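There is one chain below, alone, in structure tokens, taken in the form predicted on its own.
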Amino acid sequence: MTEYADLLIIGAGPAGMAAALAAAPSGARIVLLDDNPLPGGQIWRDGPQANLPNPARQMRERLEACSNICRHSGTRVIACAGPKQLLVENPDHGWLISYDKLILCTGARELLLPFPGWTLPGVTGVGGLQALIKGGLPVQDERVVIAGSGPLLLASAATAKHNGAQVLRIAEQASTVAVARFAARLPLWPNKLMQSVTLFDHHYRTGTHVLAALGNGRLEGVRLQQQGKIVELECDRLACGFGLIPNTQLGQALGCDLDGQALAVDTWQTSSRADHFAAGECTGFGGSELALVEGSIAGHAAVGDVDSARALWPRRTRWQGFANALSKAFTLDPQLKSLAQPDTLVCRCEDVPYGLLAGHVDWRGAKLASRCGMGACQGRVCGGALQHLFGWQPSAPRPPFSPARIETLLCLDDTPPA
């Protein structure tokens, strides 16, 4: 079976939802794919213990009201099947989608840096803990430490506290001076200032980072370097994340150029490949407000409504200013590169320790010698860590991009030769 879309959008987070709604008045047939059950992405993830903001609910309602938007939930891209054609799969079957225009809204994932004890049960990413709690994980009366960098620390702490956890420490690696300068600029974005006031917690400490997770078989405590002193806290959960990495794998597979770690786009959100656009955190992290306006610009531009797209440029510029301030304030301290010890696992899938990787000069050499990045996650976790630690550029993605059924892969037999 082959489906056709005038406009195919990959990712139904804020950027993807905004892109679909911006393009919908054109009457184009729009197909919106996402691997989650409901639209919203990570920031508006639904679940038994989720509290969705009104804008997310309203955008969902508007999507459902558009008869020319077809939404496929629980669906992943498996391979590029040919020019402007993708192989996709949901829990029931696989099929081909051909398209005229495509918008990538593939979001970002957490940067997880290895440190002693980070593989203990009870240790997760910061965003991972937030997603687990929204999905129903009970944390009532648990002692939680949250460490890493960026505003997501405060958001995750607020989610944990709202569900009954006792947050003992929020450890921000950025310096007091850097955070203070960032806070001084927040009046430029009044809603962000209000968010920071609402989320602030008296357990927040700057100039503080994790040294090790402690425990025997399960997390029992955490060792922190807190403003030059060593502090140990007993805890039941440790959530640790060092910012976000754009999800660019599909864009790279489609031939789109990178700008640093993100997909490169022009003022219309067009990538280096004609008829292929990108928006949201796959083009750089800047929060939901920037993702929404970038998605709208991409949606308008993809259907030829250049006037509506251009009218949104000033709003995008405003939120790009916030993104730049965020990036500058929460730049990672170089000493975080020395957290891992020789026996600290870096590739969790293949049990590859730091000591086996430190002597190599690139990703390919390390992979050939140690199988690093060849496990179930295909380098999605260790790849970002190794790029930060050693500057290694991850390998170009190869299909299948996700585990797939044989029946789905057989759909490729139906594609005509290029």
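Keep in mind that what you see is a predicted model, and the values were worked out from it rather than measured. Numbering starts at 1 and runs along the sequence shown.
Missing here is the form predicted together with a small molecule; even so, the following discussion is about that form.
Heavy atoms within 4.5 Å of the small molecule in the model of the complex belong, among the stretches 21 to 29, 8 to 16, 390 to 398, 405 to 413, to residues of 8 to 16. Heavy atoms of residue 49 never reach within 4.5 Å of the small molecule in the model of the complex, leaving it off the interface. In the model of the complex, the small molecule sits within 4.5 Å of a heavy atom of residue 41. In the model of the complex, residue 75 approaches the small molecule with a heavy atom inside 4.5 Å.
The shortest heavy atom separation between residue 139 and the small molecule in the model of the complex exceeds 4.5 Å. The candidate spot formed by 144, 172 and 325 is out of contact with the small molecule in the model of the complex: none of the three has a heavy atom within 4.5 Å. Note on the partner interface in the model of the complex: the residue among 97, 224, 79, 244 having a heavy atom within 4.5 angstroms of the small molecule is 244.
Site annotation in the model of the complex: the residue of 319, 330, 118, 285 reaching within 4.5 Å of the small molecule with a heavy atom is 285.
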